[in-house]
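Before any questions on how it binds or moves, here is one chain, the form predicted on its own, in structure tokens.
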């Protein structure tokens, strides 16, 4: 097991190198750079632009710029932002916790609802409840996140609901008590978490229902029922446990998408997370901020898949990590 984990962790090195090379040179294919925006400003002299060009290393060939960035990464330095004038690691650190908070809240919401709903829909297959849940799941899957976010914000304003329509904290946040601050962040978290959790909730419910229906038709489940075992034991011990493999695999992918799945929702709801930072970096040709976020998202994806593999081996003895 430990050898397997070590080997998977070592896979991160060539994979992240490939992703970094691809990301950097694809960005370089785009016309222009960060200084083009400054050249349009008549208050910035050509001498100042030339000095910034040398300072940022933009006067060097692309492979030299990438080599310098890679050398800095090997020394735990993600580079310096052109746009903010601050270290990339500092910028990511200020936004990372906010995005993780939002992603974990939406993940918890989706799994808390979808697990019992999917199991019950499979047990009551083709019933009215199953049809209603299937219809709701299709709506949840088909509606885009940005549209759902705008719709919820409209409903909050139109019906004067006691929920904020943007940001992460209220204007009087500093004067609140500790529990007041927690409650304030929780109120701001409701709309973006519901938006992100809806699509995930719908897909998880459908996957679990499908997996459960497949397992409940197996011969060992028929045998368990013929032996007179209680239905609840048949469902939860023989059904749910054997249908977990697909869910664990999906859980691994969702762990990997924690950083990049919330970008549009963050921008629309004003949540100060990584999504807005990446968008601003892309628009400003801030290469090293984009590279830093891509690097972190890639590492999280590999770790998420590793966690899923380990959980699969734990849940299903037929799976062996070799």
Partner chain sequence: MSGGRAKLASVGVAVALLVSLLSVTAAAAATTQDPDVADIPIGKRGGTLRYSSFGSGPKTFNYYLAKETSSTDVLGRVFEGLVTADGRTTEIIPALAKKWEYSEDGLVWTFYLRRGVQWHDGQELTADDVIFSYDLVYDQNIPNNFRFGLTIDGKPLKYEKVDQYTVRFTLPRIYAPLLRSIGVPIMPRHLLYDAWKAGKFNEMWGIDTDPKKIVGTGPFRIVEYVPAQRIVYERNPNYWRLDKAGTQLPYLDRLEETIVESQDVELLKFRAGEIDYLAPDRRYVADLQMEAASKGFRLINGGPTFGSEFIVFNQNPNTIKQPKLSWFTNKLFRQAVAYAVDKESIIDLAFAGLAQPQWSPIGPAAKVFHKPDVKQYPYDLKKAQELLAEAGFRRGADGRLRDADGNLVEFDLLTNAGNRARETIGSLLKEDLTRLGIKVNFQPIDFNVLVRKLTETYDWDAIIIGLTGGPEPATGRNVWMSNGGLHMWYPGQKQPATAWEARIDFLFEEATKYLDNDVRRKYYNEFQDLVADQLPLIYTVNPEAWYAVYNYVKNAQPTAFARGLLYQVDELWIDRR
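Under this definition, the rigid core comprises the largest set of C-alpha atoms superposing within 1.5 Å between the forms. For clarity, every value in this text was computed on a predicted model and none was experimentally measured. Numbering follows the first chain given and starts at 1.
Below, we refer to the form predicted in complex with its partner chain, which is not included among the displayed structures.
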| property | result |
| --- | --- |
| Heavy atom of each of 46, 82 and 167 within 4.5 Å of its partner chain in the model of the complex | yes |
| Partner-proximal stretch of 121-129, 191-199, 151-159, 210-218 relative to its partner chain in the model of the complex, 4.5 angstroms, heavy atom | 151-159 |
| Residue contact check: residue 59 to its partner chain in the model of the complex, 4.5 Å heavy atom | no |
| Heavy atom of residue 268 within 4.5 Å of its partner chain in the model of the complex | yes |
| Any non-hydrogen atom of residue 68 within 4.5 angstroms of its partner chain in the model of the complex | no |
| In the model of the complex, residue 72 touching its partner chain (heavy atom, 4.5 Å) | no |
| Single option in 138, 90, 147, 236 placed near its partner chain in the model of the complex, where near means a heavy atom within 4.5 Å | 90 |
| Among the candidates 77, 94, 112, 249, the residue which, in the model of the complex, approaches its partner chain to within 4.5 Å (heavy atoms) | 94 |
| Residues of stretch 282-296 in contact with its partner chain in the model of the complex (4.5 Å, non-hydrogen atom) | 285 |
| Is_shifted residue 35 between this form and the one not shown (CA, 2 Å cut-off, rigid core) | yes |
| Residue 52: Cα shift of 2 Å or greater between this form and the one not shown (core-aligned) | yes |
